[in-house]
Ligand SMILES: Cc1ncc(C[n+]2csc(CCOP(=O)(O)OP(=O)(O)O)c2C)c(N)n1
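Okay, here we've got a single chain as structure tokens, the form predicted on its own, with questions on binding and movement later.
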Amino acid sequence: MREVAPSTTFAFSLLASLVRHGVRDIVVAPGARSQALALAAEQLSRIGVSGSQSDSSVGEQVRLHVRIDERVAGFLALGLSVETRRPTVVITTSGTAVANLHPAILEAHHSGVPLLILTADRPEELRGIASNQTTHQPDIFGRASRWSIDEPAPMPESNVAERGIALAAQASSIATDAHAPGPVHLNLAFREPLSSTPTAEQLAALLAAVVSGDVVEHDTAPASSATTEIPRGPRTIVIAGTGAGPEAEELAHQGGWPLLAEIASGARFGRNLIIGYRELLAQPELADAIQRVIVFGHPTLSREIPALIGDAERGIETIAIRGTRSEVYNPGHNVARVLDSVTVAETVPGQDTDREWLGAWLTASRALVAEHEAETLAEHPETKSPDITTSRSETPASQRIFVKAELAAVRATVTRDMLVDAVWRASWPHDRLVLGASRLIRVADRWLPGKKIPVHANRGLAGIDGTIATAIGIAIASAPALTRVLLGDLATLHDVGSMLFGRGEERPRVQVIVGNDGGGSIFDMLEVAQSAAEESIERVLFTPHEVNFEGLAEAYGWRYVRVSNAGELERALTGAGAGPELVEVILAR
């Protein structure tokens, strides 16, 4: 019987052990040097791994996802891990393939998302001699990886299976560390033969060795976190950035404090939620009275919040909740304390929540929202809902007035406010909503009301890359739920390769909603628009395009819907199908 190549033995041992440690998704990008890993992943996806730590009597099924582009593969893995809260394995070959993972790894690093990056490499004797497709891969991701190891090529005489088992245990433990989850990079050298095909008996023996192997155990107990009790006294606001979670809303409710929650915070709901917080932070009667700020997550959608916290002259005490991100949010290095978690001291006789403080914020917020709605209606009167009483009138003139108003509302041009509001209203608690780093997320953050639904945005570095791939990962992992993606045209074009699925793979319910205004209109809102020449902005910032999105959808096998008015938008959102769909919404610049 032909012996199994060391590369194949190592690949099966490593991947099967990672599955035993909780991995359920493997993303593969093609390549010759990584073939042992890719082939092992494909076989494991068909046969599973018996002897799972969660239940030794079952065979765990592994989902395999194949992508041509490594950048797409990295962001797909990110989305899978965001939804499953498990580390996802990414496999690539050597050279530029590794570098293409960097954007997704940076996002995972700054957002605290566990990934297991397996990159194939040349053995020591082929390095530094200008060998084809070879560069310096060890520690290529620098501080963005929680742990990086340059693993020598497995040799026939070495304990190959045992090494794969031990490496899997250590890598999965570090990637899922409760205090600081994130990417782990295993740079794996392979010598020829780069793979072999084990017989059924050999494969069974390999998996049996993994199941019965002495796994290197690491402390995987939940991280203990100290809870600090804080007094009610100072006039406090609770700020929730991306990834804050419901704990921020719970604390605001417990303390009776205003809650300033970004759209992707996971805390944008509850009775204490303040809408229009940017404008309110510019009102001295409110902002100047703030004495304490408690920050959850990573606020990125306004300039007012970092300006408030970073201004040492205000004398505001700022408390940051640590979370699982790699860095603590600390504008101007002005955060006084960093805590694991907080709770509010119980009230004592004569002391109650500061109802006037909360009331002032809520009253100002409601007035601001009403003013915004009035301004919007004045600017777009055709969007006003028709008077339902006129539809019941027996007077033909009144009925004509109703029909005319109804037609005007249906035919109304879609605005950004209308778009984000319609998507928000159409999304249910069991759906998923992903927001791209476009102008639309700021519109949504500014005026949308509270609603407890799962919202994700890649705000670790707030790049426009990888939005569709991340959303598809979330959609696959949350099936059969519907995942909606709302983003701009440039963010869509930046990640269009993500629309390509592997043959025979699941095509989830994902609706990519593209607000197409012909370019990057977000730059029209920045200071540069007041200082640079219009033609310069047009060429290098707005970056106009004439892409045919219908043709794009057809090329990738997606259903396409074009929206140019309010009625078409409503039909598109309520008519989401069972597979991937691209909805192009025409917007004015």
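One rule holds for the numbers: they count along the sequence shown, beginning at 1. Remember, predicted model here, so these are calculated numbers, not experimental data.
FYI, the form predicted together with the named molecule isn't displayed, but the following is about it.
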Answer key, the named molecule contact in the predicted complex at 4.5 Å (heavy atoms) among His298, Arg439, His456, Arg146: the residue is Arg439
Answer key, the named molecule contact in the predicted complex at 4.5 Å (heavy atoms) among Gly460, Pro154, Gly255, Gly488: the residue is Gly488
- prompt: So in the predicted complex, does Gly519 come within 4.5 Å of the named molecule, heavy atom to heavy atom?
  reply: yes
ask   = Does Ile464 make contact with the named molecule in the predicted complex, using a 4.5 Å heavy atom cut-off?
value = yes
**Request:** Spell out, yes or no, whether the shortest heavy atom distance between Phe523 and the named molecule in the predicted complex is within 4.5 Å.
**Result:** yes
*Check whether His494 has any heavy atom within 4.5 Å of a heavy atom of the named molecule in the predicted complex, and answer yes or no.*
yes
Answer among 200-208, 106-114, 511-519, 126-134 for heavy atoms within 4.5 Å of the named molecule in the predicted complex: the stretch 511-519
